[in-house]
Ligand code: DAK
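First comes one chain, alone, set out as structure tokens in the form predicted on its own.
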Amino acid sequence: MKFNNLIVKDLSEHLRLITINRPRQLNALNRELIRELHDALEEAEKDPGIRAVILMGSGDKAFIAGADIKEFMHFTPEEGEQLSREGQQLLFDYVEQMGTPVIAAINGYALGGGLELALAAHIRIASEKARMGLPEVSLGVIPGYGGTQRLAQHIGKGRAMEMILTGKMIDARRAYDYGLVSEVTPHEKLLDVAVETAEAIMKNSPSAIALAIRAINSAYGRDGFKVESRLFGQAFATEDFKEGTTAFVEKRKPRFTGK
């Protein structure tokens, strides 16, 4: 299968590397990229020979530095909710529920949808250069691809509240302290460490691994994701959303007016 925005490479007989390849856009997510990621991951999931997948961003700056704002800044609330629901189902929920383990090798900025994709992966390893955050409130919207749910699951409600409500980024070391990533490595060793982790996984029973993923995921309910999509859509009706996205495109600070 050919992709416009991905580089797919088998590092060994059982290990596949999928690299997001939109470096000029800092690998920003758009609908085309979400679809391609789904297709590439589905291909790996259905391949009996592939027993682990590594996700990484191209270049030295970004894993995925958020979503392509221009793609949805003029959406209605209904279109916004649909965008969230479709993206969650097609990619983020799909990753989380794959029986093939997915390792996110976070090589730079993982912001907004980029951090949400990393959160959906089964394991996260970060370069020392990595910076992570959910800055959506600075645009007058909320995380819409599972961020409000998965971030709290990983680091606890209090820290998730702080990260989401301030919109601030954290560095790799703090992400490790929070439990957001399992390991921090020198930048040049990131892929090697991800490969070592994948090799440790691949020594074990593939069927048992798939069952373990299902068992762990069963501890977490799904209703919150539906609420997130609905509230994500509601944000599109606010003046703050219009101001926040316009300010982003115009490269100025937003002037929010209130509730």
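Just so it is clear, the structure is predicted and the values come from calculations on it, not from any experiment. Numbering starts at 1 and follows the sequence shown.
Below: the form predicted in complex with ligand DAK, not depicted.
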Location of ligand DAK contact in the predicted complex, chosen stretch of 118-126, 177-185, 156-164, 105-113 [non-hydrogen atom, 4.5 Å]: 105-113
Position in contact with ligand DAK when the complex is considered in the predicted complex, options L139, L151, M98, A172, heavy atoms within 4.5 Å: L139
Heavy atom within 4.5 Å of ligand DAK in the predicted complex - the one residue of A28, I201, V53, L37 that qualifies: A28
A44 within 4.5 Å of ligand DAK in the predicted complex, heavy atoms: no
Contact test in the predicted complex: G57 vs ligand DAK, heavy atoms, 4.5 Å: no
Residue contact check: A67 to ligand DAK in the predicted complex, 4.5 Å heavy atom: yes
4.5 angstroms heavy atom contact with ligand DAK in the predicted complex for Y94: no
Within 67-105, the residues that have a heavy atom no more than 4.5 Å from ligand DAK in the predicted complex: A67, D68, I69, K70, F72, F75, G80, L83, S84
